[in-house]
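This document opens with one chain alone, in structure tokens, the form predicted on its own.
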């Protein structure tokens, strides 16, 4: 599959895929996101009838861009991990030690593909445990298609940007999510903060590519970090509980000696 990376060429490549573009002005990331591998993945997903339209950017993160999309009448979030600029070393930290993905080749492309598969698996486990996360629908190479969390083609805002009428109640709900994720899904989010919790009718947990299973050698260190991050965010909004106490309530064990910091 040849790929023309010029601006006009990009438009033609997208048109070839049969994808309706809803907002071309917002689709300006181009070469670093829609490379040849990504276009091939889009091609496969379109022909499997998973995407009928792609719209503007929802978010741009450290490793990925998320776009609004449609599958007929169904709203989608299309997450595309950037192969050229992904942080290989950071991703490896969370994949190495996860028995689900042992034996993968440690080059950039395979790490990104594994990361995409890993986020799909983690979101599905969290969803099956009853947590409010985007329902993962399908993945291919570096593209993950999920349920869209928002209204009227606008995603719900990050919790850091929202005025909370009952911060204490939301705080306890988020802590309950951490506990359910650990006890029912067998996962630790490993990067939980105000940047990856959306807030609409309730808090929603997103961005689970780095989440690890409980047998990961750093699972409890990551768990404590998540707890400390949530306490840090809420401490000026409501009374927060001791991080060690929360950790013990969730795990049944005392705080690991290798963790530092507290709230």
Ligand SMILES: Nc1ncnc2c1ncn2[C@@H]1O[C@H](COP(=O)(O)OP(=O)(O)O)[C@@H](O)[C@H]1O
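Small disclaimer: the values here were computed from a predicted structure and weren't measured. Numbering follows the first chain given and starts at 1.
If you look for the form predicted together with the ligand, you will not find it shown, but the lines that follow are about it.
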item: Stretch in contact, per heavy atom within 4.5 angstroms of the ligand in the predicted bound form, of 163-171, 179-187, 74-82, 124-132; value: 74-82
item: Contact label in the predicted bound form: residue 140 to the ligand, heavy atom within 4.5 Å; value: no
item: Partner proximity in the predicted bound form: residue 206 to the ligand, non-hydrogen atom cutoff 4.5 Å; value: yes
item: Residue contact check: residue 64 to the ligand in the predicted bound form, 4.5 Å heavy atom; value: yes
item: Residue 158, heavy atom within 4.5 angstroms of the ligand in the predicted bound form; value: yes
item: Option touching the ligand, based on a heavy atom within 4.5 Å in the predicted bound form, out of 219, 198, 42, 227; value: 198
item: Contact residue in the predicted bound form, chosen from 58, 46, 53, 37 - any heavy atom within 4.5 Å of the ligand; value: 58
item: Stretch 115-149: residues contacting the ligand in the predicted bound form, 4.5 Å heavy atom cut-off; value: 134, 146, 147, 148, 149
